[in-house]
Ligand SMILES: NC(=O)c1ccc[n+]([C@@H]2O[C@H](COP(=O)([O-])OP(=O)(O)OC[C@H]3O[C@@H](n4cnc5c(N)ncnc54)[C@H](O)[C@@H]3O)[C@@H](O)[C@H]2O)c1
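One chain comes next, on its own, written out as C-alpha cells in the form predicted on its own.
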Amino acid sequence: MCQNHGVAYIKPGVVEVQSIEYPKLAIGDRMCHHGVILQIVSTNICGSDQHMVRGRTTAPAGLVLGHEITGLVIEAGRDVEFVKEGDLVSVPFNIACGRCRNCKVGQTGICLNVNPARPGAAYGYVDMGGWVGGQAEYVMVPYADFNLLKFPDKDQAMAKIRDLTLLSDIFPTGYHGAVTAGVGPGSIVYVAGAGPVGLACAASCHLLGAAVVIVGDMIPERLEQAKSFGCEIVDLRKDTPLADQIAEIIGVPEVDCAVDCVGFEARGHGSDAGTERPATVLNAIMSVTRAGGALGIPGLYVTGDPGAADDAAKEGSLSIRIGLGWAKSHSFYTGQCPVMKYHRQLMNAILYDKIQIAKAVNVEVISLDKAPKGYQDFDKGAAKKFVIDPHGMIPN
C-alpha cells in the first residue's frame, strides 16, 4: 500500500505535515464507483485556508486541508467512463454530483447531494461535507466524469502547470468576482484586496477589457505586485478617504463596479487600519460604486467566527449600510464561485497565451514539507501564491 502525507490543521496558528490514510474509492462504508484516486501534481495554499488556520472558523483539529488540486489519475472506479488512468486533470474545489437541480443549471457551488449539513461542499474545508483535503500526496475525487477538467495535452499542460494549477479555485474565483460585478470593455473597476484572489481578479478584469483597474490594500508588497501588471493602486493605510484616492486617479470619486476580495477579516481604513472591522469593505465598495453598479463579493463571509470581536460578528451578522446599497440600486453577488462555469474557457486563455495568471499572482512552488512555513509567510502578508508540489513533478 502506498504511503500518504497531508497538511493537517492542529490548532490556531499551527499546521503539520502528517502521515494520513491512503485514499480509497469509498464514501464512508459505501463504494464510490464514480470516483478516481489522484496523485497530486500541485495543490495550493488559499486565503480561505488561512481563515481556518487563524482559528477564525469552527474547523476541527486534524482536518486535512486543501481544496485547490491538480493531479494525475492513477485509479478509476468501474463507473467512470470518460476519464482514464494517466489523465492530467484540474479539480474544481466545488464537489458536485451533476444530478441535483442546482448542478443541472450550473450552480455547482451549492450542490444538494454532497453535504448533509447544507448546500455545497469542498475538499478539506470546515462545514463543507467532511471531504479529505488535497494538500497531500494522494486524494480521492468523487463524480469524476462530471467534476474533472482534463488537459488536452499532458506535455503542454506540464509546461504551463504553474498557471493551470490556479484553475481549481483562485483564477475562476477572481474571474467570477469580475464577471458578477459586470466588468467588461471600458469598465472602471475597484478591486478591494491584493491577496492572491484580488490579484487574480485584477488580472481577470484586464482579460475582460477593463479600461482602469484600481486595487486597494494595506501591504506595500502586494500593491507593488498589482502595479507590476498594469493596475492603479490605493494605499488603504492613508488617512485620505478611498473616494478621494480614486478621484486622484480617474478624476471622479466613483467607479463603475467593485469587487470584494477580502471577506470577513477586513480591517478599517486610514487611522483605523490596525483594527478589525468586518463590514468595512462591503460598506466601502457601496460608497464608491456608481448608482446602478454591481458588486461582486467572492470574499469569504462565514456563519460562525469564534474569533470575532463582538457577538454579532461571531454569527456572521455585520453592520452593513444596506440602505446605501438599496438607494443606489446596487446589485450584490455573493457565494462560492461555480468553477465549472469558467474553468475550460480560462484553461484555453492560459494555453493560448492570453493571460499569464501565475505571473500576476506571483506563484512560488514549495515542497510538501515546506507547507507549514508557507502558511506562516502567507499569514505575514507575503505577496505570493504558494503552490505545493508533493512529488517534485513541477519543472523549474
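Numbers for residues come from their place in the sequence shown, where the first is 1. Just so we're clear, the structure is a prediction, and the values are computed from it rather than from any experiment.
As for the form predicted in complex with the named molecule, it is not shown, yet the points below apply to it.
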Q.
I'd like to know if Phe93 sits close to the named molecule in the predicted bound form, meaning any non-hydrogen atom pair within 4.5 angstroms.
A. yes
Q: Evaluate Gly335 for contact with the named molecule in the predicted bound form, applying a 4.5 angstroms cut-off between non-hydrogen atoms, and reply yes or no.
A: yes
Q.
So, Arg54 and the named molecule: in the predicted bound form, are they within 4.5 Å at any heavy atom pair?
A. yes
Q) Is there any non-hydrogen atom of Asn44 lying within 4.5 Å of the named molecule in the predicted bound form? A) no
Q: Tell me the stretch among 185 to 193, 137 to 145, 112 to 120, 79 to 87 that has any heavy atom within 4.5 angstroms of the named molecule in the predicted bound form.
A: 185 to 193
Q | Position in contact with the named molecule when the complex is considered in the predicted bound form, options Gly198, Gly296, Gly71, Gly124, heavy atoms within 4.5 Å | A | Gly198
Q) From the list Val262, Leu166, Ala258, Ala202, which entry has a heavy atom within 4.5 Å of the named molecule in the predicted bound form? A) Val262
Q: Quick one: name the residues from 195 to 230 with any non-hydrogen atom within 4.5 angstroms of the named molecule in the predicted bound form.
A: Gly195, Pro196, Val197, Gly198, Gly216, Asp217, Met218, Ile219, Arg222
